[in-house]
Every structure is written in structure tokens, then in C-alpha cells.
Ligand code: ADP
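As a starting point, one isolated chain is supplied in C-alpha cells, in the form predicted alone.
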Amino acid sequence: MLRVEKLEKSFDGFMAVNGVELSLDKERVVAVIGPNGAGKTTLFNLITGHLSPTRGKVWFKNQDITGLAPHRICHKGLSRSFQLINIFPQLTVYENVQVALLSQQKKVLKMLTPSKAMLEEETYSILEKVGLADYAGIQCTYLSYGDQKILEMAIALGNKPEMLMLDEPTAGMSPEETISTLRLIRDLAEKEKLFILFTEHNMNVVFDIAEKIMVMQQGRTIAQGLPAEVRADKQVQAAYLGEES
């Protein structure tokens, strides 16, 4: 589904991403972990076209998408959420998801067609999947922080992805919201047959749901494998899990 080959990104001589290797094949839920400054968000930006790599390749469904514009990558079936919430705050919950569907189906220029009824069934279907159907008519600024993060996930689903990338999906959430979000991620992977790649600082979250884990340190891939393999890695234990090597 996704293959990253020797990906590099340099900013004025600083190597933010340095030869990263990553692959998603059979695993539905894959985590990228590492401390602040490890290069996780930069990696996500490189994969989704928000940054162009200095070197390396990104393959999605065996197609070279290296350096393509974000909207082109999105239309190929790769969608994402952001570390900082990225929604339309003055629109309703319904309208936020509807806009994504209209864009995905290239109906944004149908100026003479009333928009309210367009793709109504599809919009409500997504809202029901993520548990926000009861908030459809509410302006987004009145949602809780956790629900705003879930809404951003719903917007990403409006792009009809085959793979969903989530940048710290539970950051800032209460324990109850975190549990609910974990359940949602599992459901999307299992019921909707989505591939999900996510970054996360909460190790309990990572080892609870990830089928595969890639570990970054100073822009490099230092470990990649099954959770048990990563947990047993001495370098990972010392650097990220707070255990003695």
C-alpha cells in the first residue's frame, strides 16, 4: 500500500528526515513513534505532498507519488489529519464533512445547484461512523476539543481514502476520549478496510492498537517491526520506552 525509500529532507543543511525507510503491506494499523524533533510530522508532510523531499521516493499503491501536490495525492486515495486541528470553524459539523465529499466528487463548481441537499446521505453516513451524527447542525467552534479532532478525521474520510494518516490523533484528549478514539481507529481499519498510519507519543496507545511500529530518532529509522520486536529492541528501550538497555 505504501513504501518510503531512503527519504531525506534538508532545511538549510539540517537533516530533518535522513534516509527513512517505511512500508505498509498486510498490516492495517501502523504507528510511527519518536520524541519531539524526531521528524515524524515532517515525514507525514513529505508523504502527503506538503513538502518535497531532498532525496528518496514515496510509492502509494505501486505508483510514484514523490513530490505530487497534496490534492493530487488525496484524490489517489491517501488522506490525512493534522497535529493542529484543521477544520472550518464557522461551518457546521455537517458542512465540514460535506465540503470534503463535494471536493472529492468534483462538485464544488456546480454553482446553480443548492448545496444543502447534495450528498446528504453520504455525509450523514460518515458522521454516524465517527459518532458525530447528533452534532450535525452544530457550529464547529462549539464542539469539544476531542470532538473537533474526530471531526477532522471525518473530513479526511470524506475524501474516500484507502489509507488514512493521523498525526497524534489522541493528543490533548481526556482518558475517556482517548479510549473512544482508539475504538474508532480499530473500527475504521477493520470495518472500512482502511490502512491507517499514525504518529503518537502515548506508548499505551501505540502498543494497544498498532500491528507494526516504526521508530524514528534524529530523522532516521532505527527500528521497524511487530510491537513485540520493537519493545524488545535495546535502542528503543533506552531512547523511548524509558527502560535500561
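Fair warning: this is a prediction, and the values are worked out from it, not measured in the lab. Residues carry their position along the shown sequence, with the first being 1.
Although it is not shown, the form predicted in complex with the ligand is what the next lines describe.
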4.5 Å heavy atom contact, Thr42 to the ligand in the predicted complex: yes
Whether Pro70 contacts the ligand in the predicted complex should be assessed with a 4.5 Å heavy atom distance threshold; does it? no
According to a 4.5 angstroms non-hydrogen atom cut-off, is Ala210 in contact with the ligand in the predicted complex? no
Please tell me whether any heavy atom belonging to Asn36 falls inside 4.5 Å of a heavy atom of the ligand, as the geometry stands in the predicted complex. yes
Partner absent here, but in the predicted complex, which of 28-36, 175-183, 55-63, 190-198 has residues with a heavy atom within 4.5 Å of the ligand? 28-36
Looking at the ligand in the predicted complex, which residues in 9-34 have at least one heavy atom within 4.5 Å of it? Phe11, Phe14, Ala16
